[in-house]
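This document opens with one chain alone, in structure tokens, the form predicted on its own.
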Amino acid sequence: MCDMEVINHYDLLIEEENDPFRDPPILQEYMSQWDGARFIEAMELTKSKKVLEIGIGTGRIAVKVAPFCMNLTGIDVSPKTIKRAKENLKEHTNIVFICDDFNDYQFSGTFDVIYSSLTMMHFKHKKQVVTKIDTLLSKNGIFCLSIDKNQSEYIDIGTRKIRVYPDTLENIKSLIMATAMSVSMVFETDNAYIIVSKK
């Protein structure tokens, strides 16, 4: 179950007009360190693939993915964030939005591609998350994960601090390798590790 503090934090960001989807180009370029062109390319998207984004946020990555897949399901815990994502992505008719905790939600099928960027740090029980991803990933499917190198236990935005659970490359790799997935590629930027896994 997701911490209410996290939900409230992301709801407040929308109220404060903090929407990464609408960031100016210089900030968009900065965020691409976590999930830029190489991250998108690693998904090997085609118009026949069903895709899941864990932590869709306001749609910053989804807008780059939706045109190149059959359908995209985006899940996020924040009601106000999902509402904003629907506004930002209204031109894309192949997106399904779910407001729920990834660990709690019962998905009805599997996905050819699952991806997540800067979301794993909100999950305390990472083994549970990775195991669920494995069950939701189709045979020969791809899982792309971007994790922050920052090891701080809090996101501090001045007016509030949010508890997070930092990830290490070795821990995430070991959790993935304990499933039917295998790590096929790892690359890094100044601020992130990108882990690409296949089933």
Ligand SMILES: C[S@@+](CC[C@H](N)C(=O)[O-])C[C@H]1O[C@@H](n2cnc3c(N)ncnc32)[C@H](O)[C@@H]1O
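For every residue, the number given is its place in the sequence shown, counted from 1. Because the structure is a prediction, the values reported are computed rather than measured.
Although it is not shown, the form predicted in complex with the ligand is what the next lines describe.
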## Note on the structure
Testing 163-171, 22-30, 132-140, 47-55 against the ligand in the model of the complex with a 4.5 Å heavy atom criterion leaves exactly one stretch, namely 47-55
### Query
Are all three residues T73, H92 and D112 in contact with the ligand in the model of the complex, where contact means a non-hydrogen atom within 4.5 Å?
no
### Query
Would R84 count as touching the ligand in the model of the complex under a 4.5 Å heavy atom rule?
no
### Query
Should I61 be counted as a contact of the ligand in the model of the complex, where contact means heavy atoms within 4.5 Å?
yes
### Message
Is T119 part of the interface with the ligand in the model of the complex - any heavy atom within 4.5 Å?
### Response
yes
### Task
Report yes if any heavy atom of S78 sits within 4.5 Å of a heavy atom of the ligand in the model of the complex; otherwise report no.
yes
### Summary
Near the ligand in the model of the complex, with a heavy atom at 4.5 Å or closer, the residues from 83-113 are D100, D101, F102
